[in-house]
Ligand code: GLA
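As a starting point, one isolated chain is supplied in structure tokens, in the form predicted alone.
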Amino acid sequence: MNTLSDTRVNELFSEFFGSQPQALVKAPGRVNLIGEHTDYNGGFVLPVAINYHTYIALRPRADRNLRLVAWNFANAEALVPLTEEQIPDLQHGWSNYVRGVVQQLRRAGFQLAGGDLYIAGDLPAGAGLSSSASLEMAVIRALLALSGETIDPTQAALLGQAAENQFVGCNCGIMDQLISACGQARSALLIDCQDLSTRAVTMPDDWEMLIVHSGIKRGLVGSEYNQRRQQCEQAATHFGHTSLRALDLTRLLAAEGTLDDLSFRRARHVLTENARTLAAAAALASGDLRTLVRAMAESHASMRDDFNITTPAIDYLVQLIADAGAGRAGVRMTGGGFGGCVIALAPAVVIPQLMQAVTNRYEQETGFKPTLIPAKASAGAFNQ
């Protein structure tokens, strides 16, 4: 998979604008090792910031406008006035993430300043690797670099989430923005999404990650992601809670048959996923591969059977990799669901046989072309 670099993005800026940028910022995407659809339920997640980024090269302008240029959309341009209330741009949908961030920063009291922004990324859109959160965090860094203002990384994550929830229209949780902002090199980050506390979990030196794009692009706004969130809220309300985090698994299991089956299964996934995430974090910290493999397998089965967010091709890909790993590779779908990527975590010596199995069989059996994405745990936007 091709990657960009600071140098290359600076060159692209110079080619387009005819001069050197004043600065360059970047924010990583992420892969979630385990803990799916738990973040907006106040639960636990275990994501990793990865070495694929959204980059923004920038220079100041004399006026109060942002001139945006998007490399990933054939250098499409958009103008964002900082002095006006933001409205969605139907022609340049990619710019709405920027507009949403501008709106949230202004409402939070930031003054902002005009600038030329050249935006480029090597995160595939619709892959479940949080290209949108990466863009939001990069935009916040770029805008505050222009204005000379500062922000707490957790506040940056919350403003990015609000932009996506309220302006773009996807009711995502806080995980994607928080890991993009606060990720640490060579570590996963255990996040308690109820109080936003984090704990770095160092990965064993001889373990590596392999992300495999299934070839099925997904879009969270147009998918059933928002519906899943509503179903979880309905289940919590049934028990008199505002969040499933407050619900005990024993109480839920005792209610089987009295709660409608769909709400029961959605809640069961979330509660059992929280337990699996804590177990996986402990296993990662101690190098307990067997426990990690089991937790990731059970997570995928729960996403498939209780949360109904996988696809037949994704299920096949997960089983293919698990079989190739012969018990030495944790594997599951990652991201919001309905397509996107699979994450595998295994000792480095096992990774080649996983790649070979995918290359030899996946497209032949499903008709979808996979993309192999070796990844490393990287620093977040505000830890660079």
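Numbering starts at 1 and follows the sequence shown. These numbers come from a predicted model, not from an experiment.
Missing here is the form predicted together with alpha-D-galactopyranose (GLA); even so, the following discussion is about that form.
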For this session: Using a 4.5 Å heavy atom cut-off, state whether Y225 contacts alpha-D-galactopyranose (GLA) in the model of the complex.
Result: yes
Problem set entry | Close approach of G173 to alpha-D-galactopyranose (GLA) in the model of the complex, 4.5 Å, heavy atom | yes
Exercise. Hey, in the model of the complex, is H37 touching alpha-D-galactopyranose (GLA), heavy atoms inside 4.5 Å?
Worked result: yes
Problem set entry | G335 within 4.5 Å of alpha-D-galactopyranose (GLA) in the model of the complex, heavy atoms | yes
Exercise. Tell me which of 238-246, 80-88, 175-183, 114-122 has residues with heavy atoms within 4.5 angstroms of alpha-D-galactopyranose (GLA) in the model of the complex?
Worked result: 175-183
